[in-house]
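Form predicted on its own, single chain, as C-alpha cells, below.
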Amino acid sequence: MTTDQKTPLIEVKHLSKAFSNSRHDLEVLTDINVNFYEGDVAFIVGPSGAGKSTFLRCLNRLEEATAGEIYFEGENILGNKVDIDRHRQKMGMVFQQFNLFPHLSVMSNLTIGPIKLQGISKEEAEERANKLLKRVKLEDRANSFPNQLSGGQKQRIAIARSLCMEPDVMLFDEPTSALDPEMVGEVLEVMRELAEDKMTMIVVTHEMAFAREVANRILFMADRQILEENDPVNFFENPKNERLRAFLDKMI
C-alpha cells in the first residue's frame, strides 16, 4: 500500500458516536473531521473522558460509529457490505491491557494471525515472528506464556504480535497506562524505533514528553471534539485553544 501526502491513508468525515441506554443517549464524539497520512506519527491527547479511546476504536470498528464516514485506503469501512476483518488485518491494534491469548505461547500468539488470516506457512510465520521478537528484545521468550512475563514484556509482545500481520497503520490505545513506571520506558523505546522507521502510528496517550519528542502531529481532544491540532513545538509552546492551554498547565 502506497499513498502520497495528498491522499489520506485514513479519512474521517463527520464522525459521531453515542452510547444509548434506557434513559438517554450519551454522545461521546461529535462531528469529528480529520485525516491521517502514510508516515504520520499522530498523538491524541486530552482529559480523561474526552472520547480519545472511543475514537481510536471507531477507526477499526471495535466501536460502531453513530454517524459519519471513515475511509481507509480509499474505502468507506462503515459501509454495509465492507469486509471489516480484511481491513483490520492492515490496522494493528495495541490495547491498554495487552489482550494476549493466555493459553498460547509467545510464538503462537505472534503466528496464529498470519497463519489463520493470511494463509502463510507456519515456517514463514515463525521466521517473521523471530525477527520481531529480536526487534523488541525478547527473542529468548518465544516459548514463554503470558503469565510468565512482566507487564512491559507483555506489551512489547503485543506490539510484535500486531506487527506480525505487517499492517499499514498501528493504533495504540494508551499502551503504557497499565504498566508500572519502571516498565514504561521499554515500551516507549519500541514505539520510538517504529516512528523512526516511518511506521504510520496513531497513539492515544498521557505521555506528554514522549508525544513532544516523537510525534509529527498532536491532536487535542476535549468536549467530544478535536479542538486543536499542530506540530509538537507549536502545540506545546503556542497553544491557541483556551481549553488546551488549561490542560497543558495541569499536565506540564
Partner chain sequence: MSLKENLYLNFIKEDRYMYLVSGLGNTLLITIVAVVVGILVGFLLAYIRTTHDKTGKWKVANLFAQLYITVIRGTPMVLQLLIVYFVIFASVNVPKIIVAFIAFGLNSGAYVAEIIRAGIMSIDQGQFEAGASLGFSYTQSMLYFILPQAIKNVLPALGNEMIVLLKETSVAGYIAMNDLTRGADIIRSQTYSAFAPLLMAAAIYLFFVLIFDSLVKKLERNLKNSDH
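Positions refer to the first chain, counted from 1. Bear in mind that the values here come from a model prediction, so they are computed numbers and not experimental data.
A second form of this protein, the form predicted in complex with the partner chain, is not displayed here; the remarks below concern that form.
Please tell me whether any heavy atom belonging to N130 falls inside 4.5 Å of a heavy atom of the partner chain, as the geometry stands in the predicted complex.
Judged by the heavy-atom cut-off of 4.5 Å, N130 is well away from the partner chain in the predicted complex.
Closest heavy atom of R141 to the partner chain in the predicted complex, within 4.5 Å or not?
Contact with the partner chain, no.
Could you confirm whether R192 comes within 4.5 Å of the partner chain in the predicted complex, counting heavy atoms only?
No.
Give a yes/no on whether D85 approaches the partner chain to within 4.5 Å in the predicted complex, heavy atoms considered.
D85: yes, in contact with the partner chain in the predicted complex.
So if I measure heavy atom distances to the partner chain in the predicted complex, which of the stretches 27-35, 53-61, 210-218, 181-189 falls within 4.5 Å?
Result for this chain: 53-61.
Report the residue, out of A125, M91, V106, V136, that has at least one non-hydrogen atom within 4.5 angstroms of the partner chain in the predicted complex.
Partner contact (heavy atom, 4.5 Å) among the options: M91.
Pick from N76, S177, S121, N147: which residue has any heavy atom within 4.5 angstroms of the partner chain in the predicted complex?
Looking at the other structure, the residue within range turns out to be N147.
Determine the residues of 87-102 with a heavy atom within 4.5 Å of the partner chain in the predicted complex and present them in sequence order; the list may be empty.
Going through 87-102 in order - heavy atoms within 4.5 Å of the partner chain in the predicted complex - the hits are R88, Q89, M91, M93, F95, N99, L100, F101, P102.
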